[in-house]
Every structure is written in C-alpha cells, then in structure tokens.
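The chain below stands alone and is given as structure tokens, in the form predicted on its own.
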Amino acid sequence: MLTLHVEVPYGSFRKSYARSLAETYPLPPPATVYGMLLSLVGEGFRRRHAGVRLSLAFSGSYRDGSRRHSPFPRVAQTLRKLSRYKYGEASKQSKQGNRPDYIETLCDIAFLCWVDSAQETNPEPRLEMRLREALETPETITRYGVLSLGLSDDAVNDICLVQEPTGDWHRLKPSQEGSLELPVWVDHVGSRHTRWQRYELEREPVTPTEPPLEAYWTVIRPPA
C-alpha cells in the first residue's frame, strides 16, 4: 500500500446526466482518480489494474493553513466552450458539439489517495509498483501530455508520495445510505456500463495515523 498527496487548482467532473448547465460532482470521482493514476504510469489499457483498491480523504484546510468552512471544495461557475456529445458521436460533435455554456468547477482540490494492489487480478507489475517508479524515477516512464485529473484543462499541480500524513482530512466512506453518488467506472461511449457507488464525506476531519479500515476502500472493478 502507498499513500499519495494530490493537489489540483481546479477541476470539473461533469455529472453523467447534466445537460444545459454542466454541473460537477462535488468531489473528484474514484473513476477519475483511477484514470489519473493510469495516466501517471503511462498505462492506456483501463482494465490493466482491475481490482486495485483506492481510499480517498479530502483536505480540511486551505493552503494558508486556515480551516475550510465546508469539507467540500468551493464551486465556481464560468462560461467556457463545452463539448455536448460523448466519444463516438464525431459527426454530431463537429456540427453541433462545441458551444459556449456555463460550467461548474471545483476550486483548490487537495486530497490523499491510498492505493492497495493486493487484489489486482492481472499479473505484475502492480499499480503500486508502477506509481512508485513513476514518482521516484520518472525518467524511466514512457507517457505523454500534462498530468490532469479528468479533462486536459484540469492539470495536476502536485503529486507526491506521503509516508505519514499530517493535517486534517475528511475521509470519503462508501455507504449505501450516503448522500453522494459517484462513478467508479465510466462508460465513455454510452452509459450502459457506467457503475456508481454511494458515499458519505465525513464532516469531522481527522489526522490519519493508520492505514484506512476495510470500510473505507473502493474496489476499481470493470463491468463483466
């Protein structure tokens, strides 16, 4: 298991059923975080690390050390060019796709991501090993583009390994009664194979001194 610290100045995680107003999920979904990790190690096959487990906790303070008023990142609304069609709709996209519209954006995103490869179903190297290699010896990794969390506009400002987390963090806990529904696997062509999971973001922050308990893990598992 390893722990990563990730900072992203802004990011938009458009809800699957958002239409005229591009509403964002209130937190980066696990599916998006997994995609960012694959990009970091230069992996283009999404199922390569199926079975990996992720656990997330979001910062309870701003960069200047002051405590956040809410455990959720602040939301800004901007006017931007917006793609209206998913992949596979090239003909519609070219004629009717890109138009300016309002889009919600999360600001000042900072989170911890624990990665556990013990249950991965494919042969080594595991994602844990590849992440460590990418961060400690990046010259050995073959990848392209700026690392982003979702859209290419939403560049990652900092990502690093953490030995002992410090500060206050709100843990994201899977819960059937949770108020948040976030995608854990996205069907980029349609929506048939998109999978969601319900979560609760704990209101009281903690300083994690131990690895996450079993109840805090999300398994990244593609549809059968």
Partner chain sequence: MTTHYLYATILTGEAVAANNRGDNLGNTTTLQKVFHQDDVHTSISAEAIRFALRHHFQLAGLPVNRRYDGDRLIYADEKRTYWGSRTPFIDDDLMGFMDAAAAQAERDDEEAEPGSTAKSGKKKKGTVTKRTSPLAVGRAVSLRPYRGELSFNCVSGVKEKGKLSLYNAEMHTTEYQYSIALNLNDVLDKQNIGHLIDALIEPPPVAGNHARFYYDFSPASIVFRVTSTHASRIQNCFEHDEEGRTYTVARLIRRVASGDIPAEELIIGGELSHTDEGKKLKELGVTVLDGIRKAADEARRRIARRDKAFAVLAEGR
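Keep in mind the model is a prediction, meaning the values are calculated, not measured. Residue numbers count along the first chain shown, from 1.
What comes next is about the form predicted in complex with the partner chain, which does not appear here.
Counting heavy atoms only and using a 4.5 Å cut-off, do Arg46, Arg80 and Asp187 all touch the partner chain in the model of the complex?
Looking in the model of the complex, the three residues Arg46, Arg80 and Asp187 all sit within 4.5 Å of the partner chain (heavy atoms).
In terms of non-hydrogen atoms within 4.5 angstroms, which of the given stretches 23 to 31, 51 to 59, 168 to 176, 36 to 44 touches the partner chain in the model of the complex?
It is 36 to 44 that comes within 4.5 Å of the partner.
Might Ile159 be said to contact the partner chain in the model of the complex, defining contact as any heavy atom within 4.5 Å?
Ile159: yes, in contact with the partner chain in the model of the complex.
Does Pro9 reach the partner chain in the model of the complex, with heavy atoms at most 4.5 Å apart?
The answer is yes: Pro9 has a heavy atom within 4.5 Å of the partner chain.
Classify Pro123 as contacting or not contacting the partner chain in the model of the complex by the rule of any non-hydrogen atom within 4.5 angstroms, answering yes or no.
Result no; Pro123 lies far from the partner chain in the model of the complex.
Examine Leu112 and determine whether its closest non-hydrogen atom to the partner chain in the model of the complex is within 4.5 angstroms.
Answer no; every heavy atom of Leu112 is more than 4.5 Å from the partner chain in the model of the complex.
Can you tell me which residues in 142 to 160 come within 4.5 angstroms of the partner chain in the model of the complex, by heavy atoms?
In sequence order, Thr142, Arg143, Tyr144, Gly145, Val146, Leu147, Ser152, Asp153, Ala155, Val156, Asn157, Asp158, Ile159, Cys160 come within 4.5 Å of the partner.
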